[in-house]
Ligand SMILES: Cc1cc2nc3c(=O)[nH]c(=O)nc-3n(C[C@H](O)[C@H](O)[C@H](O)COP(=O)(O)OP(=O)(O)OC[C@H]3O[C@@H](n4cnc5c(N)ncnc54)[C@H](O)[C@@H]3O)c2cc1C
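In the form predicted on its own, a lone chain appears below as structure tokens.
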């Protein structure tokens, strides 16, 4: 298995809480924001279709944005925009009422200090280890050779294509090069407008009688909790 972030994230299959999308709309146009939402949503559908829900342990438990008493203004802002986002998501998903206020579920989930909650019923979660294993098996079956633990420090164009320079002075030659290592692409492409964002995953031992199931958002951030 590779050692990258794809095998170490929390497995959230999410495309945006209302507070996250509201924040996006303060910095970009509606077209830009919802174009990204559509790419996220359709990408998740394609992942499930290509690998199978069983193979990636997909669970459509929903996404829930929680609000404390000090978040009353943010909650009001989100509820005021509820119809707008439901209408916008309908154009992407074909599903009605993606978002809804579900305050009645707060007590059953065992929350303390939470007085409001908004659900996104189309979100879910996956097992990222099983996803990566399934992806590896799929590409190997297609004849792709995967080499892990190799550091490519730079590349140069050649008459026959591209020469990749490895940290131990072992070079690779290829006709074409595709850089797809996400946040660290700038190490190979210094002019790329890519800035990695720090993320943290905290893992606990099993918690007996844990009532929380699903993906939970708070102030534009996300956490995934499951038994």
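Fair warning: this is a prediction, and the values are worked out from it, not measured in the lab. Positions refer to the first chain, counted from 1.
Not pictured, yet referred to below: the form predicted in complex with the ligand.
A heavy atom within 4.5 Å of the ligand in the model of the complex is found for exactly one of 200, 26, 49, 70: 200. Although the partner is absent from this view, residue 214 stays clear of the ligand in the model of the complex, with no non-hydrogen atom inside 4.5 angstroms.
In the model of the complex, the ligand lies farther than 4.5 Å from every heavy atom of residue 157. For residue 150, a non-hydrogen atom is located within 4.5 Å of the ligand in the model of the complex, even though that partner is not displayed. When contacts are judged by a 4.5 Å heavy atom cut-off, residue 35 does not count as touching the ligand in the model of the complex. Although the ligand is omitted here, in the model of the complex all of 6, 11 and 180 have a heavy atom within 4.5 Å of it. This chain is displayed without the ligand, yet in the model of the complex the stretch 182-190 from 182-190, 62-70, 49-57, 169-177 comes within 4.5 Å of it by heavy atoms.
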